[in-house]
Structure formats: C-alpha cells, structure tokens
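The chain below stands alone and is given as structure tokens, in the form predicted on its own.
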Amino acid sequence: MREVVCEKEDIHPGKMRSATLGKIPIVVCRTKDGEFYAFANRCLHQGAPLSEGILCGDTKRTDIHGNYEYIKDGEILRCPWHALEYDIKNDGVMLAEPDKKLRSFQVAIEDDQVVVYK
C-alpha cells in the first residue's frame, strides 16, 4: 500500500501532520534536520491522536548535580493527553518503557512528494 501524503515543503522541519494510509490514521513527522518518519496516529497508552501533540526534545543529566542537557530537539513526539514520549529517530520507542514502540511506516520522497508505504 502506498499513499502520497503531501508535498515535501508542506511539512516544515520540526513539524508534523496527520494523514491516512488506507484506513490507518498516521502521523508524519519531519525532524529539524529534514528527515521524515511516519507512525500510527494513536498513543499506546489511551489512544490519543499523536498529531495533536508536539515534537520536542529530552533532557539528560550532566556530571554537575542539578544540571541537565537538552538533547534530541525535535526528535521526541509527546502525546497531547498524558505526555508520554516517543523517540521518532529510534523507531518510535516509548521513552518510559523502551520495550514498547509505535507502529512505524516507511517514508520516501518521490518528485518532492512525501509518500508513505505499508
């Protein structure tokens, strides 16, 4: 199955949009470095539409007590209902439970169009 979602420039870096792949609701994300990723548009927790969430980053502790480093800017998909987070560059793995991940789909750019494959 193949679906043209939009033109490449319709999704700006650090943004996302909802679409469908056949009857499957999906969310297509574009990282700040311009890469595209597609996932089922439902949070694993309670089914929230992830396309209504945000792309953000994560924090990592440093060697200095109380200091954190902001990492993965625009690579973390945060659920709009309960703030569960998924690493879109790591196959949609849930940060809180790394053994769980979103259903992912292949994305290609063809003639400046974003195309998602099942």
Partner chain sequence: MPKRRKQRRIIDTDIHERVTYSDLLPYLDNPWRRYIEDNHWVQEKHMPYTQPTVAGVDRADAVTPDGGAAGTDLGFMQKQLLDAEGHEYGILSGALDPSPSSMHGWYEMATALASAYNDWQIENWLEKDSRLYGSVHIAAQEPQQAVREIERVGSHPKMVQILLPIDTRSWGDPYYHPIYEAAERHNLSIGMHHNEPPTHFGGWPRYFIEWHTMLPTAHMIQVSNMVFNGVFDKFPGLHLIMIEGGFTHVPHLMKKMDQQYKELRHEIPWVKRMPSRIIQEHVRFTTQPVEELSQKEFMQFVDQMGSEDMICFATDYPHWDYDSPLEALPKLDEALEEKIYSENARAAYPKLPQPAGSVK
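Positions refer to the first chain, counted from 1. Keep in mind that what you see is a predicted model, and the values were worked out from it rather than measured.
Form predicted in complex with the partner chain: not shown, discussed below.
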Distance check, Trp81 to the partner chain in the predicted complex, heavy atom within 4.5 Å: yes
Residue contact check: Lys72 to the partner chain in the predicted complex, 4.5 Å heavy atom: no
Contact test in the predicted complex: Pro49 vs the partner chain, heavy atoms, 4.5 Å: yes
Partner proximity in the predicted complex: Gly92 to the partner chain, non-hydrogen atom cutoff 4.5 Å: no
Residues in 50 to 65 with any heavy atom within 4.5 Å of the partner chain in the predicted complex: Glu52, Gly53, Ile54, His65
